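The chain below stands alone and is given in structure tokens; this is the form predicted on its own.
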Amino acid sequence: MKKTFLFLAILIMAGSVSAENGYRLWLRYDLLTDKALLTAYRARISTIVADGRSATAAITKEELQNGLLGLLGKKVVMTNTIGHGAIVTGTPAMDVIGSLSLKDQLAKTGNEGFVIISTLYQGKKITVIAANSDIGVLYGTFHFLRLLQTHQPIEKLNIISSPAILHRVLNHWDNLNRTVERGYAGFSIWDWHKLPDYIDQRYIDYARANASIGINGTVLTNVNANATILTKPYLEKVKALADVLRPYGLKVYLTARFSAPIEIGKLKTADPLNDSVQQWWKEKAKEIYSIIPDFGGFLVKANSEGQPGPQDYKRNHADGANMLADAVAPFGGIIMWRAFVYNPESNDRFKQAYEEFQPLDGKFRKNVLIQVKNGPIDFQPREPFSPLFGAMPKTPLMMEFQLTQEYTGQGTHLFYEAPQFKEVLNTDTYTKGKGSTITKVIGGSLDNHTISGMAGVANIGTDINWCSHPFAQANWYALGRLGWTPTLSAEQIADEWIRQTFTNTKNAVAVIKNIMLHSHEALVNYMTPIGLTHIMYNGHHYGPMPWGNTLNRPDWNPVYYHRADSGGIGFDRTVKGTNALAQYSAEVQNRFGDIRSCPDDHLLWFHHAAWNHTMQSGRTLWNELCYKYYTGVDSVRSFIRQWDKVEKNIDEERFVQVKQLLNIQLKEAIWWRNACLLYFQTFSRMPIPAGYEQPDRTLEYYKSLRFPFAPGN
């Protein structure tokens, strides 16, 4: 572990010369520039008294020492003597912590939480970071360093913190050949060819970044799975990664190819009710746990987009999930079974997951979580919440968000996702009356579940700054912070991230935060306003293609979703249409079901509205559509002007990078606006209102554009 922190120290000393390429993420332990604050911190922090002999404890000690060295500009020595200004870290097994009457506080923190208090010990003012486990102490240490990074007072600390979600997981859609499905930041960081013998420094830095925000699990492989990962040579490679990640509190998970018993097990079937198949998976689980004793379990995509599954044998999802759950249960493993399913026979893709999974409520083993995307379609800029949330009270549901920006600008658009995440988490399902929020559903409190989970499809690759767009790092950060504390606001998370990543200068923080907090609505406006959805190019999903209607399956074509015609636009999901609204509680049905009261943001998700329909703004639908598209473009223009204001507060390398990307975003926002309005105008037969800049290209021009090498496909 010594080389990890030698590397960190080099980065600290290098400062802005070599470290402002974004590699350090939000863990930039640079010398504090506020002299008054620096003096106050130095007066409060003199020594470190740390307990523990585990690898995690060693990491904690060095993280704290290196963090304080960078932030305070002085070495804070390790000692066994507790004097004024000591930072004391450890578990109740440490004499001093055991003597501080923290039993009641620690009882509230579980195995991963922590307590940070300012207190007196034998007349000395000290700061205590205590937890019931070494990993809890590490999490608490990162939290304490975050307080310093963000210029918070530390004289009167009284923090009791524990994670609201049990399993806080990154899903890597990484293939064994190092390509990344829907990846926009280079190749996979997992170098399978060199593993297990070559341990890239990036693995350690990845683990450290995740631990700093409380992420405790990583699924290493793509949900479109390859059975090869379950073979002995590859399990040895997985073990090498697990050994690196373990001291940072991360468990490793793998995706299970449902047909693996056939592909690598030489069986003739993968029927989950077949005795030989069940035994094969039990033996495979036993083998995995003999190599990786703390293996987390499997993530499974089955009977979706061509992936094999239990329905191939006329079985259901519970049959498949339970077979795997029984295999990993003796070792404490879990199964995360994805609910992303749809087939061309359904009259509405929106309804498919509910139709397949809701009837199975209560039929899954207790170590199975159903992993549900935030919306019913597929990670769109704005979706109504999936009707599964709240509809399966006997089954733990976990949230699946997409950090990688497949439908939200990919690697070039500034899109801060926390407002989108919070919009979903705060939504009330009303399934058990008012207050039945999605946060309570996935946290387990609504239905008294003991396991819970939140996953994010990772946006991480080999790009030097990990995520391609510097602001995409904020989405990784937000997932971790919301997994631990879902009650945090998008504004609070943005404030933390900016101060750790860019600057603590008050005016600059305010400007950058304003850009971030408005980026979600801006993107929705210039891509898919008023409830439009899924109108991007086929395949790579880069750019607008609302005219798309060439693929064999109806639900793969954009025209399926917007249904524009001379009479209007939108997908009727009321009782007069597909009646998808019936999958929600009565309160939600009432909110969305009446076109006169349906919120404008979701109108076209649930109604086929006339072009002259009067919106809540008072504008006609056509004029509102124009207004939204033009407002979205204007927002990006304002982001560019605002970003220019912080030039003196940002290092040149990242300032220029973001400026160039914002210019690309403006160009592409105009493309989205013009292509969509020109196309929808062929149905509305209405002019773009006077006063707006008119498109300078024809619809035929936009239809002619092709991007065969767009990334991530």
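Small disclaimer: the values here were computed from a predicted structure and weren't measured. Start at 1 with the first residue shown and count on from there.
Quick note: we don't show the form predicted in complex with ligand BDP, though the next part is all about it.
**Q** Does ligand BDP come within 4.5 Å of a heavy atom in each of Lys351, Glu383 and His562 in the model of the complex?
**A** Not a single listed residue reaches ligand BDP in the model of the complex, so no.
**Q** Glu406 near ligand BDP in the model of the complex, any heavy atom under 4.5 Å?
**A** Glu406 belongs to the contact set for ligand BDP.
**Q** Heavy atoms within 4.5 Å of ligand BDP in the model of the complex: does Arg338 have any?
**A** The answer is yes: Arg338 has a heavy atom within 4.5 Å of ligand BDP.
**Q** In the model of the complex, is there a heavy atom of ligand BDP that lies within 4.5 Å of any heavy atom of Arg182, even though the partner is absent here?
**A** The answer is yes: Arg182 has a heavy atom within 4.5 Å of ligand BDP.
**Q** Any chance Arg208 has a heavy atom within 4.5 Å of ligand BDP in the model of the complex?
**A** Heavy-atom contact with ligand BDP at 4.5 Å: absent for Arg208.
**Q** Have a look at His317, Lys301, His413, His167 for me and say which one sits with a heavy atom within 4.5 Å of ligand BDP in the model of the complex.
**A** Answer to the contact question: Lys301.
**Q** Name the residue from Trp173, Tyr542, Tyr248, Tyr584 that puts a heavy atom within 4.5 Å of ligand BDP in the model of the complex.
**A** The residue in contact is Trp173.
**Q** Please identify, from 276-284, 218-226, 591-599, 503-511, the stretch that has a heavy atom within 4.5 Å of ligand BDP in the model of the complex.
**A** Selected range: 218-226.
**Q** Would you mind checking 358-377 for residues with a heavy atom within 4.5 Å of ligand BDP in the model of the complex?
**A** The one in contact is Lys373.
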